[in-house]
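A lone chain, given as structure tokens: the form predicted on its own.
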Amino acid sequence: MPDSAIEAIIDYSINKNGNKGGVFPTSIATDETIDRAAKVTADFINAPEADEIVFGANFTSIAFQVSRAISTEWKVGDEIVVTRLDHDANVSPWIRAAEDRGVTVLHADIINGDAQIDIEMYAQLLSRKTKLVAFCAASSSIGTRTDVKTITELAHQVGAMAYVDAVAYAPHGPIDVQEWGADFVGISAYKFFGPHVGLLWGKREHLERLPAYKIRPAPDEIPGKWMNGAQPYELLAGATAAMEYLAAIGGDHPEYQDQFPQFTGRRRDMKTGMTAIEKYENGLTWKFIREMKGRSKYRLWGIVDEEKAQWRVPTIAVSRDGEKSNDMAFFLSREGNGINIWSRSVYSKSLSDRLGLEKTGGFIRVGFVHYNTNEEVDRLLDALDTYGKPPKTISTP
């Protein structure tokens, strides 16, 4: 987290710590904190209006909440589509809602090798029975990007909603929900250098029409009807500062402004900043992939063809034959390496099952971001070379 995000959390906690809706100073300051968070989030993702932004504990909790509301419009015989590529936060909420309503769940498969969604096969799953499709903008495990706009258009052609998990994409490139055209797009602030809090954008027509599960004193108007009780206000202050930090990066890179003539002010700065980040991270990603191709004991999952670079983010799954991913991650974090890396299925259970990795120890997930360096990539490569050389002493919990 940047210092500005940490300081915003502290400032709220010391000077503004009250609940919303009151007439006393700290409550008024809290209302202002919520309003500012919504406006800045709307700029970050190019939402039409700030009151279409909903806050909650995390993407998963919001998805469970919204799935219950959306599923009230389903009936027995209807169908929904989830994918093998997604984090389980965008799979299980829909499966559980479908079970409750007697709705059929179809699973969109991936293409072997690149692990991309097969668009032609995806289209064949859709029909007038389809009520919702849920998919990610980028895989949180192997970095494969999806064609959000095309999948959304296919869904809308049969009258289905599109619910997009953009959590793993948000720190790596500009988001434009209006360009994507989806019905709902969710992100998590901790992924783009803020605190742990979830943010959801939904089309006004859905947020106003759907029944929110709420307490009686909560407002009937959006966005309040979707935010029961007290929110993590101090975290919203931190998330706001994190997004403003990304806009500041854009201000430092005016060379990308011409790519966004339709935007001005903070929205332009945010798009410019995320474009600068995307360009920089691309260099780290492909340096690592090129180097890893020469290490035969390791396997990379997802897109490794640089001609398809536009279809991946710098999230890379790595496995090694005969080795448990926990052992690899434990080694990398110790032995003087100081490299903290996730292991096992990383909550992408459908994908890990599909790739056969659940039975073979899973994978480690390498994730580069804009504050990483080429020297750190080299340090990771050296550590992976060292792993497995005797004497190997691994003791994972």
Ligand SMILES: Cc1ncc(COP(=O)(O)O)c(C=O)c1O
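So that there is no doubt, residue numbering starts at 1 and follows the sequence shown. Here the structure is a predicted model, which is why all the values come from computation and not from measurement.
In what follows, reference is made to the form predicted together with the named molecule, a form of this protein that is not presented.
From the list 187-195, 252-260, 103-111, 171-179, the contact stretch for the named molecule in the predicted bound form under a 4.5 Å heavy atom rule is 187-195. Using a 4.5 Å cutoff between non-hydrogen atoms, Asn46 does not count as a contact of the named molecule in the predicted bound form. Contact annotation: Thr60 falls within 4.5 Å of the named molecule in the predicted bound form, judged by heavy atom distances. Though the partner is left out of this view, Ser140 does reach within 4.5 Å of the named molecule in the predicted bound form, counting heavy atoms only.
Interface residue remark: Val167 is counted as part of the site for the named molecule in the predicted bound form, having a heavy atom within 4.5 Å. Listed residues Val148, Ala160, Ala89, Ile303 were compared with the named molecule in the predicted bound form; Ala89 is the one with a heavy atom within 4.5 Å.
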